[in-house]
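Just the one chain here, laid out as structure tokens, in the form predicted on its own.
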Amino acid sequence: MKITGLVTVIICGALLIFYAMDFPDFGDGTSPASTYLSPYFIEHTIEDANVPNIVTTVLADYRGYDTMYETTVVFTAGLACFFLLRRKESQNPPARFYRHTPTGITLRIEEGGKLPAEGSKVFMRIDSLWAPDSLIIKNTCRLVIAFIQLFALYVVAHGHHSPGGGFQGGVLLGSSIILFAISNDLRRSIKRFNEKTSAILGALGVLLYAGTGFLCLLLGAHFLNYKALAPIFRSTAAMARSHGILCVEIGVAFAVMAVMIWIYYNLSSAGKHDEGL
């Protein structure tokens, strides 16, 4: 089996190298990308989609199929991590550690011992890999997270008019939740943004992107031809394409954010969602 895999990799690699020799050289001014595609995008982006950010127009409009499949791949990666890593908590959990909040004393409770009530304000559960309780870190992160999320929404909403977009905004939103999990603990983060929410938002992001394309089909145009949405938005065809780009960028942001959090939960806790990094 190993030999078969090795031979397959060698053959595929050789084919890739062989056909890559036919590609234009880097920076070749006579390549199709330089003589046709790039000039067209630069000259017609505003006219076609009323969007000043050429990069976003290329990603979400001119090559919208490719970006939709990229979003699907991101969601599939989250599913793969779930099926490979996720496992139920052990029926016989190991020793647990609690911090007595008034005194700061750490208690180790072995299996079978009486555990403090859930939600207790006197005893706070801490991870086995003990870390000092820092009020400065927690409060600083709590304040910073709000600004990160606000900026992320700005990046998504203005991604087709300034640098940004769905991928960047989704990464910022996901990193804000991960920052909360790191500065507090995984259990608190899961209570606020659980695994089910991640899965639903990830699927919703892909469906929002594809659904926008199917809506164009229902209105008599090609898939992801946002001009068909003009009657819905009550706008010109160019402005409808701008609004369509925003719709799919929101879908991308949902998918990227949810999958980032989903993967982090499984990787940081070895799939148990009990104790994190």
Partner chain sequence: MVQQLPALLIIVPLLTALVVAMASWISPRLCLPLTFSGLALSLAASIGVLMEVIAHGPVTYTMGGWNAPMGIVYVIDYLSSPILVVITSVAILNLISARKSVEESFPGKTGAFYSLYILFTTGMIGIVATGDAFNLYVLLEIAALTGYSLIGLGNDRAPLASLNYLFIGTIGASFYLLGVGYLYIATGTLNMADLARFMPQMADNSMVLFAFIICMTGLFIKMALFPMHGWLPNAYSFSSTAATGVIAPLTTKVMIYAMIRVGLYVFTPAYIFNTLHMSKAIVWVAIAAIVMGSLLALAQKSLLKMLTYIIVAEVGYMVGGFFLGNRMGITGATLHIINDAAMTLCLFMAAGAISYKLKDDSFASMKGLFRKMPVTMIGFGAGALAVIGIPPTCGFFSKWYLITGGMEAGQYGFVAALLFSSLVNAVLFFRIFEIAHFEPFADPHDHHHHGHSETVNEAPLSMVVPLLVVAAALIVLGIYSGDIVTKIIQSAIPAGIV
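Positions refer to the first chain, counted from 1. What you see is a predicted model; the values in this text were computed from it and never measured. Superpose the two forms; the largest set of C-alphas matching within 1.5 Å is the rigid core.
Below, we refer to the form predicted in complex with its partner chain, which is not included among the displayed structures.
If you check its partner chain in the predicted complex, you find no heavy atom from any of Y98, P116 and A258 within 4.5 Å. Listed residues M68, A238, C247, L229 were compared with its partner chain in the predicted complex; M68 is the one with a heavy atom within 4.5 Å. Just one of L79, I105, L153, I137 comes within 4.5 Å of its partner chain in the predicted complex, counting any heavy atom, and that one is L79. D185 falls outside the set of residues with a heavy atom inside 4.5 Å of its partner chain in the predicted complex. Its partner chain is not drawn, but in the predicted complex it has no heavy atom within 4.5 Å of F254.
Using a 4.5 Å cutoff between non-hydrogen atoms, I177 does not count as a contact of its partner chain in the predicted complex. Taking non-hydrogen atoms only, F83 approaches its partner chain to within 4.5 angstroms in the predicted complex. For the partner-free chain shown, P32, A33, Y36, L37, Y40, F41 of 27-44 come within 4.5 angstroms of its partner chain in the predicted complex, judged by any non-hydrogen atom.
Annotation: Cα of A33 displaced by at least 2 Å between this form and the one not shown, core superposition. In the core-superposed comparison between this form and the one not shown, A14 has its Cα shifted by at least 2 Å.
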